[in-house]
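One chain comes next, on its own, written out as structure tokens in the form predicted alone.
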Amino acid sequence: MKKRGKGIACMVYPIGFTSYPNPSAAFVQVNQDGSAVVLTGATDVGQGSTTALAQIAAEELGIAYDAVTMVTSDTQRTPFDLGSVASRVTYITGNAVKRAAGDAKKTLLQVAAEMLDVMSPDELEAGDGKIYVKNSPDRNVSVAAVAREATLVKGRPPIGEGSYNPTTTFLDPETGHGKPYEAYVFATQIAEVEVDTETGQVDVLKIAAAHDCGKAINPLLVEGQIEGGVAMGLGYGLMEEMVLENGVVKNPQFTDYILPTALDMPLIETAIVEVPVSTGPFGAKGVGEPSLIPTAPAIVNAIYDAIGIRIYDLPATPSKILAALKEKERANILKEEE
């Protein structure tokens, strides 16, 4: 018999490392043609961080995204970054890139103020490849023209540097008070499953995933991260079991350590909840690891809703579910006999 159930799980997750220094740095150079080069040590491991960082730089400089060239992960050329871990790159490296771009823009605005004959750079803004007077957008000059003026005439190439290290403290050993992280993200996922009580097989039919990532710098990348995280969470919850015997892994191959494939994926509905944070670049936080955390709990809660048994030892394999069902049946028989 196949039975269906639904389960929900919520989570809160911190961005970055706990309390310890967690810095990132970036350099930005605006070229004479109005393009820009960004140098950062942050490594893109497939999550799309290079794209997001380029967007942050482009937004701050007021130029097109495709006018930004990213140079990343070159230890001979790029400044230090702590690593693509702890869901930190968009928030921490993004802040460093935004500051570096802002530093370069400061030079552009100062030179443009002279070119546009305004009293202060504060009267200017950058956008659409131009620097314009805030109250008179028709009075403008291209970023390229300003960069040429700054470099060739003023001798002040628009080059910027920026770094960011979250403000954190260790927890007080007596009171437990402190600030181990600067930003947190939140999520809720709901799973619908179908459990075959004869075989113990669990089929996940649908996952709804709502994630607060702050401002979504690139919504398509956020959606992709959520879907990838759900896939990882499904594997953790139902398939991926490391078998140990006397400290030796007995299933070291993918033939017997089972990973989910695209064919195992259910319908995934994503919802991006944008609650910008004041400390993030344009309000962004992150969505890396948080995307997988609620998935397995939501699935096991759905299994309980379907067949009334709790699985505490993940993954919830068919053999474990059948064993739990038999134990439940035995307990019911003993109860009736009493």
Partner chain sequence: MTHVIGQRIPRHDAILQVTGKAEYGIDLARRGMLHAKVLRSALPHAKLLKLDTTRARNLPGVAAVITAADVPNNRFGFTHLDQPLLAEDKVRYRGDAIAAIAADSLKTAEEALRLIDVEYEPLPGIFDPVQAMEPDAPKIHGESNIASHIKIRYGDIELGWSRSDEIVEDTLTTQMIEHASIEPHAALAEVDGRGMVTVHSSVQRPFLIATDLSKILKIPLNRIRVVVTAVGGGFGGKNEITMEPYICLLALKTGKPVKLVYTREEEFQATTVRHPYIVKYKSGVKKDGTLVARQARIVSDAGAYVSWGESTLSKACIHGAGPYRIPNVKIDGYLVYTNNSIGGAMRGFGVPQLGFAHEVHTDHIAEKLGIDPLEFRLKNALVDGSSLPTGQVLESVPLKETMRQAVQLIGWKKEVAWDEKAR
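This is a predicted model, so every value here is computed, not measured. Residue numbers count along the first chain shown, from 1.
The next section is about a form of this same protein that is not shown, the form predicted together with its partner chain.
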Exercise. In the predicted bound form, does each residue in the set 67, 107 and 166 place a non-hydrogen atom within 4.5 angstroms of its partner chain?
Worked result: no
Problem set entry | Contact residue in the predicted bound form, from 159, 141, 208, 118 (heavy atom within 4.5 Å of its partner chain) | 208
For this session: Would you mind picking the one in 92, 187, 146, 100 that has a heavy atom within 4.5 Å of its partner chain in the predicted bound form?
Result: 187
Exercise. Is there a non-hydrogen atom of residue 240 within 4.5 angstroms of a non-hydrogen atom of its partner chain in the predicted bound form?
Worked result: yes
Exercise. Would residue 215 show up as a contact with its partner chain in the predicted bound form if we use heavy atoms at 4.5 Å?
Worked result: yes
Problem set entry | residue 324, heavy atom within 4.5 angstroms of its partner chain in the predicted bound form | no
Exercise. Is there a heavy atom of residue 74 no more than 4.5 Å from a heavy atom of its partner chain in the predicted bound form?
Worked result: yes
Exercise. Who in 138 to 166 is close to its partner chain in the predicted bound form, meaning a heavy atom within 4.5 Å?
Worked result: none
